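Only one chain is shown below, in structure tokens, and it's the form predicted on its own.
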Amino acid sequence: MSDIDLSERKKQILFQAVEDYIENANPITSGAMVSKSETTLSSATLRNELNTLEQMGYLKQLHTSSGRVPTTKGYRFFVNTIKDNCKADLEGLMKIKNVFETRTINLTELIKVVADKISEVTDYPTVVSLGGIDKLEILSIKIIPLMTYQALMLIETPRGLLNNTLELQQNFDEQSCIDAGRVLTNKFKSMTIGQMIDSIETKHQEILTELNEYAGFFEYVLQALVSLTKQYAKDGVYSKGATKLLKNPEYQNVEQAKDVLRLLEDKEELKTLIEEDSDGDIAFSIGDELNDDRLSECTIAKAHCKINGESIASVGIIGPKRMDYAKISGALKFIVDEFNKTDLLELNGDNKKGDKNG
């Protein structure tokens, strides 16, 4: 039986029932709906309609003689109804907008901060996965000396800069760092990150032979390069706000929350969950739709973000099935739009537009 079998009255009652339950977490009763709404229906009529909605699978009773709560089917009806009517927390979303307007921030730092801000705005655990790093083309590699025994390695890609700090056992001057960056660029330019990882062992000896006087320096650089690229290619998953889950009545018992909290610590599984293909930019996977008993009382809201038309990251917000769908949808739509408007050259503070010799 599908939603088209619902009369307009049943749709209105179901919508109000789910909305009320999302707002206050109290089981749905005909008496509570009569006292709260402006309906002209009697309590008896409402009770009959709620009984029918239960028989149709949109609501369920947790205990005999108790009120009802929405099922996955009931929440799905609600989400499909409000999908074009998102709420916007303008004050909160401005915090996220300010992150995108910080042009000196690099791509990976942006992803971390976005995860933090979304969790702050929505008050739910948030996961951001930086996808497809192993397929990024290398445009250049630069080494910049920092303080004593440290240097910064930057890998420029079409999506932005990857960076890592090198820990050295001796100091190297600026020219040595420039030479190192030039050699690495010559060896790896136009390769993908994945290809570089696969070939780095064979290139290793070539580099040390060509620049024998800097052999010690390149040992550190190459070790850091392997570490950095493997980190981004295999991980690139940032999560924030796991304990926010405990604020919700459904998870105030830690035993009930432990499976979800464990999941939030498993980066590989999180990455798989939020990167799964969805119809359109924003999607909700609700309860049983996740095909995972640990998540049967959860919803995962997902969005796939692009820069310059290319997929850059997946964002996931994890909460109870009773999450505020309209607010979450509004936040994710805002994030997708901000990524779409982002210019990578500006994002990385790159001045190459006006520097033809750079």
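Values in this document were obtained by computation on a predicted structure and should not be read as measured data. Position 1 is the first residue in the sequence shown; the rest follow in order.
Missing here is the form predicted together with the DNA; even so, the following discussion is about that form.
Asker: Just one of 290-298, 310-318, 323-331, 66-74 has residues with a heavy atom within 4.5 Å of the DNA in the model of the complex, so point it out.
Answerer: Single hit among the candidates: 66-74.
Asker: Is there any non-hydrogen atom of residue 56 lying within 4.5 Å of the DNA in the model of the complex?
Answerer: No, residue 56 sits far enough from the DNA in the model of the complex that none of its heavy atoms falls within 4.5 Å.
Asker: Consider residue 9 of the chain shown here, and say whether it contacts the DNA in the model of the complex, taking contact as heavy atoms within 4.5 Å.
Answerer: Because a heavy atom of residue 9 falls inside 4.5 Å of the DNA in the model of the complex, the answer is yes.
Asker: Indicate whether the DNA has at least one heavy atom within 4.5 Å of a heavy atom of residue 305 in the model of the complex.
Answerer: Residue 305 lies outside the contact set for the DNA.
Asker: Contact with the DNA in the model of the complex for residue 60, defined as at least one heavy atom pair within 4.5 Å: yes or no?
Answerer: No - in the model of the complex, heavy atoms of residue 60 and the DNA never come within 4.5 Å of each other.
Asker: From first to last in sequence, which residues of 11-29 have any non-hydrogen atom within 4.5 angstroms of the DNA in the model of the complex?
Answerer: Residues within 4.5 Å: 28, 29.
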